[in-house]
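One chain comes next, on its own, written as C-alpha cells: the form predicted alone.
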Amino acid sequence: MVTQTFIINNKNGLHARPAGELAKIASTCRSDITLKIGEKKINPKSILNIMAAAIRFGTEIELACNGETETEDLKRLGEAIEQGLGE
C-alpha cells in the first residue's frame, strides 16, 4: 500500500467538475483506492461520495492505493490533484 497527502488547491473546493474528474481518473485505476479526510474514509471512484465529503480549498486529504498498480495509480491521481483536476 502506498499513501500520500495532498492539499486541495481548487479555489472552490471539489465541486461537481473536479469531483467528477477525480472519480473518472480513480475509476480507471486497478488498485483499491481510499480517500481519507480527517477520520472520514471514502471511495473516490464515486462522484457522489466525493461531493458528499464537501472537500474545500486548503483541505488536507490522504490517498491510499493498494494493488498491483498502486504506485502508478497514486502518481496519476496525485498529478491530477496538483494540477487542479481540470480547472
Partner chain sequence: MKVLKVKQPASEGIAMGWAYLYQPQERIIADYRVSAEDRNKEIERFEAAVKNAAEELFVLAGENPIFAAHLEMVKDIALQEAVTGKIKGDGNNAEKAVVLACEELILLFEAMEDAYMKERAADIKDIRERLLGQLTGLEKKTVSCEEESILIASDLTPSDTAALDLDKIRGLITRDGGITSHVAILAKSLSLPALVGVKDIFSEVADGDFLILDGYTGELRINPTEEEKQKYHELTGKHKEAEERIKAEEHLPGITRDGKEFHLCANVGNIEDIKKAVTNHIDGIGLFRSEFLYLGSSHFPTEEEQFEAYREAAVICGREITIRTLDIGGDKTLPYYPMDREENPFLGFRAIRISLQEKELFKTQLRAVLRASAFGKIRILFPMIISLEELRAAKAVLRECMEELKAEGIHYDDSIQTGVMIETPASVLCAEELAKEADFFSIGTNDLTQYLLAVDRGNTKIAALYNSFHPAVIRSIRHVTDSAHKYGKKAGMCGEFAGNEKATELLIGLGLDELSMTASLIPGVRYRIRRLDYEAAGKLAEAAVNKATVSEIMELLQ
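Nothing here was measured: the structure is a model prediction, and the numbers come from that model. Numbering follows the first chain given and starts at 1.
Another form, the form predicted together with the partner chain, is not on view; read the next lines as being about it.
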Fill in: Heavy atom of residue 1 within 4.5 Å of the partner chain in the predicted bound form
no
Worksheet item: Can any non-hydrogen atom of residue 24 be found within 4.5 angstroms of the partner chain in the predicted bound form?
Response: yes
Discussion item. Can you work out whether residue 36 and the partner chain are in contact in the predicted bound form, taking contact to mean some heavy atom pair no more than 4.5 Å apart?
Written reply: no
Discussion item. I'd like to know whether residue 76 contacts the partner chain in the predicted bound form, with contact meaning heavy atoms within 4.5 angstroms.
Written reply: no
Worksheet item: All three of 43, 51 and 58 touching the partner chain in the predicted bound form at 4.5 Å, heavy atom to heavy atom?
Response: yes
